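Each of the two blocks below gives one form of the same protein chain as structure tokens; they are labelled structure 1 and structure 2.
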Structure 1
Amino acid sequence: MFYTDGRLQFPVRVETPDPQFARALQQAIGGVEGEIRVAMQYFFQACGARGNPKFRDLLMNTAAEELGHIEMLATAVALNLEGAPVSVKEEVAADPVGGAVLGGLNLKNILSAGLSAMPVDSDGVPFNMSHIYASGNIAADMTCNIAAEATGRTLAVRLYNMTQDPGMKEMLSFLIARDTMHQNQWVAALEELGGPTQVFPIPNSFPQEMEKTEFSYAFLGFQADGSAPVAGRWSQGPSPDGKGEFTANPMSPLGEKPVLGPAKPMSGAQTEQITPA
């Protein structure tokens, strides 16, 4: 169950409303690396967490935190939009040279939301919940969370560089710090699960002798001239999961050209597909 107090987790202050920066901030709300994504991802992972209940608690706790981040950012968007024009006169006043102010905004923030935040990204595309990765495998979930926080902090840093408003920089420095914590938190959760050699390959419940083991640690090359693929940590030495030794070599097709046979009668194909010459 969830509770609220309507107060902001961290102060949100805008010195000079900048409607174009409001557009950029939308990415941190409704972008695929934004706060709706992490809030809902941790929420659904928690709801499906089987096994040690501490992971459910960990996930739901952080989901609650991220809900508060959406709230902060939505407030920041609304405050920045207070500088956006809503009538012709205002637009002309704001931009005597040309029509650049309105043109540079998500028009939906004005037309659909009346100067408020929306669950869309910085180009006005609504967030799609297919980005909620909750696999039922706790270790796979942790890798998804590290990825989410890695892209999330990258976004926050880009936003920080894009503004010079002191209030916005302050808010973003808080969010960047939380992303630092969360990257570390999910890596730590993988350690709690035993670290790389216990955890990988994910899922660790599949007996590896049932996979084609000659391909399990081979870095295969798909270079047109048949040469070996580019060398690196991935082409030799022990594998990070501690269960193999990397090799590298060019690949050749092991199968033939596929033959599907003729189309079935009544399947809507052309006659020539049904009874080939």
Structure 2
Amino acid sequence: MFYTDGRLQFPVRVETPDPQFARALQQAIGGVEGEIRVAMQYFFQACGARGNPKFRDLLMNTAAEELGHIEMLATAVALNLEGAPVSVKEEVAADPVGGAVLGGLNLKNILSAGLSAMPVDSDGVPFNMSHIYASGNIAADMTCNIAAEATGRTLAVRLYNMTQDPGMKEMLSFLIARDTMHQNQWVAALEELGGPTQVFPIPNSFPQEMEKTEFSYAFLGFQADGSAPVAGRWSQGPSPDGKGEFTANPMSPLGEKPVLGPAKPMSGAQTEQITPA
């Protein structure tokens, strides 16, 4: 069950409407780093979270929070569009296409949404859910969530630095702070699951003796001259999961050149592919 409230999660105010910034804000709504992505990701992760119910509650509460962030950003887009300076409106009226481009407006926000936000990115491309990661593995999902919040916070910081509007900076400051919390809560969830030595490699239910263990902790170099790869923490010392020791090795081909059979008749291939010489 979900509940709604007529009030926003955090105040949204625009002192100087900016259609170009409205377009930029769309990336935080429908971009691959945006709020639709994390809201749906956490929601579907929660729906499939088996095991300790605390993780389902963690995910569902955060999904609900992200829905509120979509509402905030959609309001910010509308306020930046509906209060566009008269000069910009006149420019668009005089030359609808050229003026919209020069003014930073996305025509979809005018033609399809009546100066309102849409579930699209800053180029007007609809969000298609292809970046929703809900694997059914709680540790894999938490790891994906850290990356989602890291890219989301990076976007929010870029938006913060793009605007001079005090109200927009205040709203984005709140969203950046929440991204800070979310990054840390997903890390904390991994710690709750046992930390690196218990969680990794994911899934930890697959017996490691069944994998080719000589490659489990080897950093492979693919330099053409066969030289060793550049050394780093990932190529020497104990692995973070405590189950191996890193090495760095130049990689040589272990397999043969692939040889495929002839194409099937009536498959649309060339005659020479069906009956090779």
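Numbers given to residues start at 1 and step along the sequence of structure 1. The structure displayed is predicted, hence computed values, not measured ones. Here, rigid core means the biggest group of C-alpha atoms that superpose within 1.5 Å across both forms.
Structure 2 derives from the form predicted alone, whereas structure 1 comes from the other one. In the core-superposed comparison between the two structures, Pro253 has its Cα shifted by less than 2 Å. Relative displacement of the Pro265 Cα between the two structures on rigid core alignment is 2.5 Å.
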